[in-house]
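Okay, here we've got a single chain as structure tokens, the form predicted on its own, with questions on binding and movement later.
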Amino acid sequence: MSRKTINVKSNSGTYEVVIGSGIFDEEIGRMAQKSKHDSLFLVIDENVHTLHGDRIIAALKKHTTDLHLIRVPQGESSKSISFWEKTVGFLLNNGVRRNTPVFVAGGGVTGDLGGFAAATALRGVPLYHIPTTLLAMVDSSIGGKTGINHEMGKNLIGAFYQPECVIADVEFLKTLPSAEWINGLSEILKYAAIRDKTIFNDAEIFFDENPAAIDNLKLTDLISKCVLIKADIVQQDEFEGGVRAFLNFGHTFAHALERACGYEKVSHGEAVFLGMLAAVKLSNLTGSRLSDNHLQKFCSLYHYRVSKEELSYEELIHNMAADKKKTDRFIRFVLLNEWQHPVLKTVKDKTLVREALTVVLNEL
């Protein structure tokens, strides 16, 4: 059994991100022994419930006779005010207390929603993340960002709320559809772009092998490498006042694209990859001289369900102007001075943004 433990420091304390293969039952037991509780709550993605629910529920029931469960429908539509209200109601109506652990099992959508419910019920109850997708393991479950979407844009309602622990068992990844592997790959490539170029080489395992057959040790090492980067950045800037914004590389373009597609025709990972291609172009348009585009070789792994005819420059730029990362009336982007050297730039010339968007539309 391979296991790596990474400590993440925050204002509210230090928590562990435990990554490995076949670690879930043991880690649940270890976490349960640390907490005092009469009951447990489980917020779980409906697909994860179908595939892994028996295992997760059995592990939790070893430590309580009072387990309450709510299933989260798949997709971004679950990150809504109405479903957040339903989830908080589920916690309150079933007697959640200030010391009652809430376990959240699933990908980024379930983690964001469940995390925000845990952050807001009784002004905060203990949160334990059980990420079951690659994206959640390398990114969304770490760092305390929780939230839901609003009609004005993605993740506009939320809170910074750190978990008590993150348990990332790579065995859960073996049932992922190929599109979900690519979702996570985009965030992995982000870390390569902003901090460690060697990850570009590590990520080539997605070319050589069926993702579900990737060696567990290689997978654990790659995920750990990404988590270490995110942990380091989050520890420097927990509330995104400075360097944490670098984790949004490609995301301003991505969120605009997701909104234009109604959060349906393009996945978050696909949008982030396209957004990073656009950000590289905009970096060069605003003075950088980036050498070979290391992202380009991964283009063949992405297959899009939206065509460029369905999108417009005007709508995408409008969506970016509504994004929460803008400053004043101009749009702020995370760009690259060089690979591994991100920088924040406010771009006033919309013609440059439009030209960068051409890269996105040409890729579709």
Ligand code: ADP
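As the structure is a computational prediction, the values presented were derived from the model and not from experiment. Position 1 is the first residue in the sequence shown; the rest follow in order.
The form predicted together with the ligand is left out here; the points below concern that form.
Undergrad: Which one, G114, G250, G107, P163, lies within 4.5 Å of the ligand in the model of the complex by heavy atoms?
TA: After the contact test, the surviving option is G107.
Undergrad: Using heavy atoms only and a 4.5 Å cut-off, determine which of L135, V272, C226, A256 is in contact with the ligand in the model of the complex.
TA: Exactly one listed residue reaches within 4.5 Å, namely L135.
Undergrad: With the partner removed from view, which of 207-215, 237-245, 272-280, 174-182 is the stretch that lies within 4.5 Å of the ligand in the model of the complex, judged by heavy atom distances?
TA: Among the listed stretches, the partner-contacting one is 174-182.
Undergrad: Answer for A321 alone: is it within 4.5 Å of the ligand in the model of the complex, judged on heavy atom distances?
TA: Because no heavy atom of A321 falls inside 4.5 Å of the ligand in the model of the complex, the answer is no.
Undergrad: Hey, in the model of the complex, is I317 touching the ligand, heavy atoms inside 4.5 Å?
TA: Residue-level check for I317: no, no contact with the ligand.
Undergrad: Even though the ligand is not shown here, does A59 get within 4.5 Å of it in the model of the complex, heavy atoms only?
TA: Result no; A59 lies far from the ligand in the model of the complex.
Undergrad: Could you confirm whether I28 comes within 4.5 Å of the ligand in the model of the complex, counting heavy atoms only?
TA: Looking in the model of the complex, residue contacts with the ligand do not include I28, since no heavy atom lies within 4.5 Å.
Undergrad: Under the 4.5 Å heavy atom criterion, name the residues of 32-66 that approach the ligand in the model of the complex, in sequence order.
TA: Heavy-atom contacts within 4.5 Å come from D45, N47, V48, L51, H52.
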